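Single chain ahead, written as structure tokens, the form predicted on its own.
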Amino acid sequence: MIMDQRTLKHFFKNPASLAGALIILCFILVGILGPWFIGDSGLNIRLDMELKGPGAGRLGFAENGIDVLTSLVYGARISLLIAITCTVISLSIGIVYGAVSGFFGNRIDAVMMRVIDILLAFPGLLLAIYIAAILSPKTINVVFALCATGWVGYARVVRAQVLSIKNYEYVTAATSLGAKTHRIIFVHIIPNILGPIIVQASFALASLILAEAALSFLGLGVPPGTPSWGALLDQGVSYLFIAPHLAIFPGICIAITVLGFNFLGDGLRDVFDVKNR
């Protein structure tokens, strides 16, 4: 069991873990349900309200009179969609790649790890910027750019865990009974190393939200006109002394969401650390 009663009890005793879980829950609810409640009327152009502050209504207005609160809510949906999609894709590739590398070892492991070393030679965000720059601004291209090296961290974690447990008695017993390689990997090994993978994913989600915001800030993210925290922050920099609310509110959303994922990751790391418990 990944989360038994004792593990859950230890998790709920940590205030930081609870705070992080609450923040992430709010982020998910806003991203999924928020657009249904707030509607899309705030995304309509209202030139008479352009760049007006929070006193004019809710959280103020951006360029062309776009409502800031509506943009933040729809931006949360975009960030959630990209972060989850990239995590699922990177996680799937990383688990398979790392498990194969760690289980077979020897030359196969050496060759596969050299590929990872080559990818790690390029800074992840800079490589994502390069890929996004040569592709057209589309959400799917942002996902591709972020997944280009996003799976490497999972592969390294999975490989290390597989190397440590592939000689355990239950794996040896399964091999002796004639279990096929894919069954040993996906039935006997991976379920027992999910703890570190989940912790890695929680921290990676925070990095993905920051990376997506950075690409949108540079104009390399989602298509122009799509509500995004990074795009709204870019507007805020342009009008920093005229309409500072454009930079303040998306910056707060990004900071709180990333902080929530970091709190959750720290809590999960403590929960899955048997020695710490």
Partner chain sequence: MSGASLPDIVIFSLAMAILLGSCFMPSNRWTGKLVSIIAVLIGATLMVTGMLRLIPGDPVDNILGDQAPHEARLQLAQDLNLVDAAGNPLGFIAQYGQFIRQVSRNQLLSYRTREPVLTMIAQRLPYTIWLAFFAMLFALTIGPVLGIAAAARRGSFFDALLMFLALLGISLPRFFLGPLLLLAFSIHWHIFPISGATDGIWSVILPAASLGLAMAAMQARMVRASILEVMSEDYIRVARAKGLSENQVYFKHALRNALLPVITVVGLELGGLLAGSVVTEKIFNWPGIGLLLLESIQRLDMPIVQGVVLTVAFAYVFINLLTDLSYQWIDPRIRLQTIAQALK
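These figures come from a predicted structure and were not determined experimentally. Residue numbers count along the first chain shown, from 1.
The same protein has a further form, the form predicted in complex with its partner chain, not shown here; the description that follows concerns it.
Among heavy atoms of residue 63, none comes within 4.5 Å of its partner chain in the model of the complex. Contact between residue 258 and its partner chain in the model of the complex is found at the 4.5 Å heavy atom cutoff.
Although the partner is absent here, residue 233 is a contact residue: one of its heavy atoms lies within 4.5 angstroms of its partner chain in the model of the complex. In the model of the complex, at least one heavy atom of residue 123 sits within 4.5 Å of a heavy atom of its partner chain. Checked against its partner chain in the model of the complex, the candidates 80, 93, 194, 131 yield a single residue with a heavy atom inside 4.5 Å, and that residue is 131.
Contact with its partner chain in the model of the complex, defined as a heavy atom within 4.5 Å, holds for exactly one of 179, 190, 84, 135, namely 135. Contact annotation: its partner chain lies within 4.5 Å of heavy atoms from the stretch 104-112 in the model of the complex, the single such stretch among 162-170, 84-92, 69-77, 104-112. Taking its partner chain as it sits in the model of the complex, the stretch 229-263 comes within 4.5 angstroms of it through a non-hydrogen atom at 233, 234, 237, 240, 241, 244, 247, 248, 251, 252, 254, 255, 258, 259, 262, 263.
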